[in-house]
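Okay, so here's just one chain, in structure tokens, the form predicted alone.
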Amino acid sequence: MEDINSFNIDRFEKMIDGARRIAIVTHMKPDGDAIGSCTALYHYLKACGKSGVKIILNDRHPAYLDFLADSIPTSDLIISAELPQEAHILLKDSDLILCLDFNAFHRTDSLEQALAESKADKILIDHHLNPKREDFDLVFSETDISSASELLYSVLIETRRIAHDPSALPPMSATALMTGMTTDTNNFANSTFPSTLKMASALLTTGVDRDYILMRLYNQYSENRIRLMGHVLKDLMTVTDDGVAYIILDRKTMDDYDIKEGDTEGFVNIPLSIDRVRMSFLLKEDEGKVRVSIRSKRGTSANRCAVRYFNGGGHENAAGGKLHIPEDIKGMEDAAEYIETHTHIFLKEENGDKE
């Protein structure tokens, strides 16, 4: 981890020490790693005696992460989609902005312009490919790591306050870090490195209740999620001759099942349990676009497919993107054809074949 060195850790601590108003931001549609890393850093900063700390999210977090968000006073958790003016003013007035789990400002959606215009020092802690280093004053970037939560843990453990003693982490920080890592590895099913297991072991020794975390993450979903899952597996999942599985959720289907943000978490992983499936797609209708989640088995690059054909990117086997309406497809009725056509081309390209 080249960025985690004594010089950068010293800069990290000095930038925090010198800041009165600190903002923590993450990507749009925040997931477990985003909320986990933000929550962990918030409690670390409060333990450092920093009173003016705010978490600013573009969108409200999924309900299954309430057990983390509820540890933060409502006055310190600002949702830009609900309070856009307040969010932008806070970013403008901040002395320091800590950016977690995204590699470029545009991944924050409506916060992009405010971040770009802010004169505050900016620190990036991220595990995605190709970070825009020039936009930040200090960068901690590592791709061979499970999550932003693990990377943040690796940073914090080097600080003078923690000094390689995980038990010195605030208890809520430890819980949040374990949560973020657990969700981004799909409970150790992917992107798990030796450092990931060492982190998990260290956090368990501090008293982190992993059974409680798993209960809150995986046993607190709505009944409608389970009923939708049955409908998806029976009626909405298609597997092509190329070994590509895709699920398309239009707005009507999500409304019929009263699906909230986070209720489809993990759906995209399910088809990968089929032996002949190489890639899995979940498409969800949104305003003016289709949100795309992509997962793949080893040897097939979800990231390259996302970059080439889905206006996105991510990790080698876990990526995301979007299709614009009407630029990429005329409407949801064209999504299936787009998936089948472009994944066929992509897999031919990956195999070095020509049509």
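All values reported here derive from a predicted model rather than from experimental measurement. In case it trips you up, residue 1 is the first one in the sequence shown, and so on.
The next section is about a form of this same protein that is not shown, the form predicted together with a small molecule.
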My question is simply whether G320 lines the interface with the small molecule in the predicted complex - judged by any non-hydrogen atom within 4.5 Å.
yes
S301: heavy atom within 4.5 Å of the small molecule in the predicted complex?
no
Does any heavy atom of G312 come within 4.5 Å of a heavy atom of the small molecule in the predicted complex?
yes
Answer with yes or no whether S293 is in contact with the small molecule in the predicted complex, where contact means some heavy atom within 4.5 Å.
yes
Where does the small molecule sit in the predicted complex: which of 35 to 43, 326 to 334, 53 to 61, 304 to 312, heavy atoms within 4.5 Å?
304 to 312
Selected contact from K122, H88, K284, R107, since only one has a non-hydrogen atom within 4.5 angstroms of the small molecule in the predicted complex:
R107
